[in-house]
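Quick heads-up: it's one chain on its own, the form predicted on its own, in structure tokens.
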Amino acid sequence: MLKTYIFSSSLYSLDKKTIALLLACCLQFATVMAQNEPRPVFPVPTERQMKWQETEFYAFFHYGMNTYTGKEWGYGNEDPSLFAPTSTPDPRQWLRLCKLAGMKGGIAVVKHHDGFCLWPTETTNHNASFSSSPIGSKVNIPRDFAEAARELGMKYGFYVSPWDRNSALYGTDKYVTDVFLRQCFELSKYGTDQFEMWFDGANGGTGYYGGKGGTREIDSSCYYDIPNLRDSVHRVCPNIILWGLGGEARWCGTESGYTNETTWSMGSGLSGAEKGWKWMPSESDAKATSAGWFYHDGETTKDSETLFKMYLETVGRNATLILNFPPNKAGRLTDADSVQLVALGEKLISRLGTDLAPKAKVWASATRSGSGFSPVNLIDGDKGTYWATDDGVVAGTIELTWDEEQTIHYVMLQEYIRKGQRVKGFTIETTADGTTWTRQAENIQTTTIGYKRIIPLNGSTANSYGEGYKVKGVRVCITDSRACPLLHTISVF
């Protein structure tokens, strides 16, 4: 009684706003306790990492001095006047076509290893404004790219090479403070809504280096002062991810548009590591054309079926896909690019655009006690609700059934990764009669799920669509998990 009296008396000395805040906190605490919310399994993603992962599929645009010299890695001694577009570069055309392909954003290369900058930077004369070309000298790709992305409702970001084969300062402390960090900060001012800044892993080697030439080697783990860079850029662009050297997302380890069927969002390389200590989600970069990253005369564009396969083997395996389409010497994507981009978008809509799961009845073998964890959450279209089991229950079965026969090709699973990646094993079965169940995709490693996993039921990403399976039910069996599994969505296509 004494404790109650003291607490009650102290309330009278508080203003109404503070009392309301205390009551709201108590209510929120009581709600969480009533819901029996699962504890996180660390590590977990930051909010900016979540927003980045949700972008899923976006474009790369390698354009610059190399477009006109025919090289992939310029030496750094190029005359700025070699940058001579035959027409005004059109970032809006780049992004518009990629949006038709189902991409949610794009990253423009604005400085490659040759050090040539596609904006009027104060850090070097090796930039477009010093070109004698009447078109080239007016180019400002970061400005035009950001404006086009906002107009089209797409996310955007920039690739800026840490390595600079032109700068006489490279390899010294002054390069980091007077050139690289300033360039990154200049780029951050082209929009506070950027979603990714891309830092290539190529660092040090031979170069022009202001005419001195030679070889310069650095230790990239400390040379670029990444913690300071990351904090400085985040102040301006709160939702931006610094990829690669920035330490917020990783390269999957290939440039071929695939990652392993087992992919953890911790660790490094193709598979990551189940016991990795840091959340480091995977991005796969890939070329959509037959030659290099930059445009080359005579190159061809990969067909939409090949690009769709890349999508399944990256986005469908808990990674993001950044797919490169290099603008040509006119600063535009080619007609061949346009054809395949449109065809890819049509495939994504026709194959993965109509979810049959919301029309199904859903059942689970186990559901977490408390409110808010029903298996109905799996088909409600809300990524903020999820199905869960009780603590210590690391396996469970979910069944989706329809009264009428359905023709299906893919099953998509998504974990509620805000509380960590958990699932270590699962299987998928179907039934044609509602009684007999048959396991599908047995040749696929059904291990990890993560943010998103797409399983072609025929077991092939190369010929994934086929005739499909006529079913009345789909069963997902979680066979093992790091802790109680949390799934927010099951989709059937």
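Worth saying up front: this structure is predicted, and the values here are computed from it rather than measured. Heads up: residue numbers just count along the shown sequence, starting at 1.
Form predicted in complex with a small molecule: not shown, discussed below.
Colleague: Please state whether every one of the three residues Trp73, His112 and Asp200 places a non-hydrogen atom within 4.5 angstroms of the small molecule in the predicted bound form.
Modeller: Every residue of the spot touches the small molecule in the predicted bound form.
Colleague: Just to confirm, Trp293 within 4.5 Å of the small molecule in the predicted bound form by heavy atoms?
Modeller: Taking the distances in the predicted bound form, the answer for Trp293 is yes, it comes within 4.5 Å of the small molecule.
Colleague: How about Tyr386: is it within 4.5 Å of the small molecule in the predicted bound form, going by heavy atoms?
Modeller: Outside the cut-off, so no.
Colleague: Under a 4.5 Å heavy atom criterion, is Asp285 part of the interface with the small molecule in the predicted bound form?
Modeller: It does: once the small molecule is placed as it appears in the predicted bound form, Asp285 has a heavy atom within 4.5 Å of it.
Colleague: Is Arg453 close enough to the small molecule in the predicted bound form to count, meaning some heavy atom within 4.5 Å?
Modeller: No.
Colleague: Of the residues Asp390, Glu151, Glu346, Glu255, which one places a heavy atom within 4.5 Å of the small molecule in the predicted bound form?
Modeller: When the small molecule is considered in the predicted bound form, the option within 4.5 Å is Glu255.
Colleague: Heavy atom within 4.5 Å of the small molecule in the predicted bound form: which of Phe426, Tyr68, Trp52, Phe60 fits that? Just give me the one.
Modeller: It is Phe60 that has a heavy atom within 4.5 Å of the partner.
Colleague: Tell me, please, which stretch of 94 to 102, 214 to 222, 139 to 147, 200 to 208 lies within 4.5 angstroms of the small molecule in the predicted bound form when heavy atoms are compared?
Modeller: In short, 200 to 208.
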